[in-house]
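So this first bit is one chain, no partners, the form predicted on its own, shown in structure tokens.
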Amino acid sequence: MNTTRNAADVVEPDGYAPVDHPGVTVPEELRCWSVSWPEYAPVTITPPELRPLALTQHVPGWAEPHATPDMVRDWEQRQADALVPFELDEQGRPLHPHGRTGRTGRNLGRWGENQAADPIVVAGTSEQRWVLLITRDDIGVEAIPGGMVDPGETAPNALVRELREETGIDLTDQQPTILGRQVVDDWRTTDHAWVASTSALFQLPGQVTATAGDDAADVCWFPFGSLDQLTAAVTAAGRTLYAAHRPLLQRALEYLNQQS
């Protein structure tokens, strides 16, 4: 009998699981928070540096110091500022807008919504259209060159900053088209911490030189006539398209096709 287990399925003796643990399976009919599920037991995926004891000794520069969501005191303001509305449960914990995820804990900078900015840079038109993607150095997939909005920063400023930091391209003087604001299926998502993104389209007449930097291991232009064409090109390059960004890229394509 094969007894091999995936490392992502192993829970440590202290109750924590690896950050890439898929979580418990959540049937679609039980996903909504309003549906009672007394037996629900999500897996905790908080990494060592964000656990209570570690936070008393050192708080990473990218994270808030609160070990648990009940320590947060500005939930009313966070809810008012949210890109996507969310509620709190009876214990004062923020609830993922899309329902149960099968995982709990925090592997993001903040409890509740973590705002990101995703600049989609497209060069050319129609059949000669290209999109700029980076290879993320954390999970090694092709993705939009975006990132988290810094405290006190606006999403438009974050769009330009992230693009410049990760690709070396400065589009400060360009006014992008905001495509939408939505929760994305980020790999770090849990019941009480998630990512909501402002995605925006920058259009260029042709390709410009890009240089990988910051969180990017590589940067490349890919053909962008359709999502299928892009996926095929990424696969042919021996790479994988980041699944969480597919809806954002599809939205950009729909906008571009409407304009042509």
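Just so we're clear, the structure is a prediction, and the values are computed from it rather than from any experiment. In this text, residue numbers run from 1 along the sequence as written.
The same protein also has a form predicted in complex with a small molecule, omitted here; what follows describes it.
K.L.:
Given the stretches 92-100, 69-77, 151-159, 114-122, which is the single one in contact with the small molecule in the predicted complex, using a heavy atom cutoff of 4.5 Å?
P.N.:
Partner-contacting stretch among the options: 114-122.
K.L.:
Check Val131 for me: does it contact the small molecule in the predicted complex (non-hydrogen atoms, 4.5 angstroms)?
P.N.:
No, Val131 stays farther than 4.5 Å from the small molecule in the predicted complex.
K.L.:
Indicate whether Val195 is a 4.5 Å heavy atom neighbour of the small molecule in the predicted complex.
P.N.:
Yes, Val195 is a contact residue.
K.L.:
Can His21 be called a contact residue for the small molecule in the predicted complex at 4.5 Å between heavy atoms?
P.N.:
So His21 does not count as contacting the small molecule.
K.L.:
Please determine whether Val141 contacts the small molecule in the predicted complex, using a 4.5 Å cut-off between heavy atoms.
P.N.:
It does not: once the small molecule is placed as it appears in the predicted complex, Val141 has no heavy atom within 4.5 Å of it.
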